[in-house]
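The chain that follows stands alone, in the form predicted alone, written as structure tokens.
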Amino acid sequence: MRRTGAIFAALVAAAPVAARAADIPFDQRRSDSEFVSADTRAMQNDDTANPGMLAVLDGETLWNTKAGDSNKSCADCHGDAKVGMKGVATRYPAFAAEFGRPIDLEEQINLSRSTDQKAAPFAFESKDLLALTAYVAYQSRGMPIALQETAKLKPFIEDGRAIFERRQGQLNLSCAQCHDDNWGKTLAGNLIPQAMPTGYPIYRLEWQEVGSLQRRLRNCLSGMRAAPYNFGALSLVELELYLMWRARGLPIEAPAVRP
């Protein structure tokens, strides 16, 4: 990752100074699955070969397991997830009045555990939280991302955009330089995707396990040699929010498979 970042930094330094390119037009927006190998894409599209489906199966078990002082399962309140959770993942991060800010799907699951089940929240990036999130997200597979720029969300979307476009880290790079300005080009032998978060939680071959969008964003910041935000930090949620708003209209693919 350091070598890749250094290569890209050298390319940017050698290029003529110019204003950042405009946002990717809607008719040119593509899922990141279009930038992976045919083998990886085939693995994602075959539920019998997609390793992320193991997390979905674990999540189904958790959905039906009673927990906490309330001794209730998710199903006790929401019923069949295939019905009650259909379309939910297309709308997150969403504004939470309880906190006066947006929260992502993982945080919503933990909020439900705390308030409805009276159970301890799952740790960020824990197997159980990822499994339950993957199960809920799976119910929206094939549905278009439908995040709306409401008056309450707009300032947080703009903050996320600012993070995406801000140069940072020792390499002095921004997310936009890769994913807006240079998508489709080759970097260290790999195609640069557009960073459309359509498939989270994803199974990443590099990780050999399922991981969240926050984990991936932290990886990117580390690759830029910038200090990553803590899991659950508002800045990470704002960046998630902007990326989902930017990807609106693209179909949910969870659980996706990526290199």
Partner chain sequence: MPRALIHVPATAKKGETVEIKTLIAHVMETGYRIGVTGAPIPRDIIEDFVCTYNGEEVFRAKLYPAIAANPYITFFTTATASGTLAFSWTDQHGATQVQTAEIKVE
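All of these numbers come straight from a predicted model, not from anything done at the bench. Numbering follows the first chain given and starts at 1.
The same protein also exists as the form predicted in complex with its partner chain; that form is not shown, yet it is the one meant from here on.
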#### Entry: T48, M53 and T61 each touching its partner chain in the predicted bound form (heavy atom, 4.5 Å)
yes
### Query
Does any heavy atom of L234 come within 4.5 Å of a heavy atom of its partner chain in the predicted bound form?
no
### Query
Heavy atoms within 4.5 Å of its partner chain in the predicted bound form: does A227 have any?
no
### Message
Residue by residue through 207 to 223, which ones have a non-hydrogen atom no more than 4.5 angstroms from its partner chain in the predicted bound form?
### Response
Q208
